[in-house]
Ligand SMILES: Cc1ncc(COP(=O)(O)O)c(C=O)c1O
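One chain follows as structure tokens, the form predicted on its own.
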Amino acid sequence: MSRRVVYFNGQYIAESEARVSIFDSALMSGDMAFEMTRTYCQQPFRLKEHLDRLYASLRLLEIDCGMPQAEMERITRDLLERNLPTEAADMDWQIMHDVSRGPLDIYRTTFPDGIRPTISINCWPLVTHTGGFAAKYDSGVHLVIPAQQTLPGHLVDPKAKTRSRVHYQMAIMQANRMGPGRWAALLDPDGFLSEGPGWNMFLVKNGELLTPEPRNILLGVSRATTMELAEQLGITVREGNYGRYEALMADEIFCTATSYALVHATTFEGQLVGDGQPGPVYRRLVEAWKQLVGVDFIAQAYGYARRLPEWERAQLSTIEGSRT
């Protein structure tokens, strides 16, 4: 079995032994806040900002996890250190935090020691995430608008990162029916671009960076990083209401997310974005990202792609060996 360990409700245990109760509020109603952070050079990137958002989400959900944020950060760093020796020294990691209010009270007799929030933190090698993604840095992604819209903030505030995300899954399925591998660019109820399922979007027009205003979107850490880098490069950044028209008129479109940082869009609604290649503003931002994090994450992803088949075989072999 994998030698990776996770933090689960006060203990460090083997990854394969972590279990969430079938009566947990996360399973019953998606009542769970979460965060996904990644490392660069084995160091968590903007962990504080991710944990700030996690605790803001918990406040909105009215979940007291019983752990100060500083302690959550200490445990996270300790967990990463425990897992680093299980992989090659050049492996970067995904760090996932999941926090729910715990099992529902009506099932309390099943828990004689009492009900408490469920807190789990895990570390997973990024070889599967960015290795499987690598080719998109060259090919770009194809954006389409699905029927599913973003949930408006007056129903469920999208600034909280929760596991109640069935609308994302609906959008992904609808986009896939529009063409294999299509990415869903959601509109808000007013018909303006909002976000994708787990990523933010940017348009470029006449050298300026345009992005949906922070109304019906998750305020992505990678989104904020990209805006900061743009301002440092002297690129004007505008937040506003942009729709299908503005996207079709854009010189460039790209998406941002924690795992891959940023990737350009080749088409929008079946039409080429610019000449279909990475544009000059996007290329400048990619280089600024590489300088900031100290890693050529695109080259790293291609390296992981080459190693991924053997890595997966080794994982499966270890699991099979533990069964004999």
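Residue indices: 1-based, along the sequence shown. Fair warning: this is a prediction, and the values are worked out from it, not measured in the lab.
Beyond what is shown, the protein has a form predicted in complex with the ligand; the following relates to that form.
Next item on the list: Tell me the stretch among 66-74, 25-33, 48-56, 267-275 that has any heavy atom within 4.5 angstroms of the ligand in the predicted complex.
Entry: That would be 48-56.
Review point. Is there any non-hydrogen atom of A288 lying within 4.5 Å of the ligand in the predicted complex?
Key: Heavy-atom contact with the ligand at 4.5 Å: absent for A288.
Decide whether R165 counts as a contact residue for the ligand in the predicted complex under a heavy atom distance cut-off of 4.5 Å.
-> Heavy-atom contact with the ligand at 4.5 Å: present for R165.
Q. Does E195 reach the ligand in the predicted complex if we count a contact as any heavy atom within 4.5 Å?
A. E195: yes, in contact with the ligand in the predicted complex.
Quiz item: Given that the partner is absent here, does T39 sit within 4.5 Å of the ligand in the predicted complex, heavy atoms only?
Solution: Residue-level check for T39: no, no contact with the ligand.
Heavy atom within 4.5 Å of the ligand in the predicted complex: which of H97, R182, K161, H129 fits that? Just give me the one. None of the other options qualify; the answer is K161.
_Using a 4.5 Å heavy atom cut-off, which residue among S120, Q148, S222, T211 comes into contact with the ligand in the predicted complex?_
Selected residue: S222.
### Query
Though the partner is not shown here, which residues of 56-73 have a heavy atom within 4.5 Å of the ligand in the predicted complex?
Nothing in the stretch sits within 4.5 Å of the partner.
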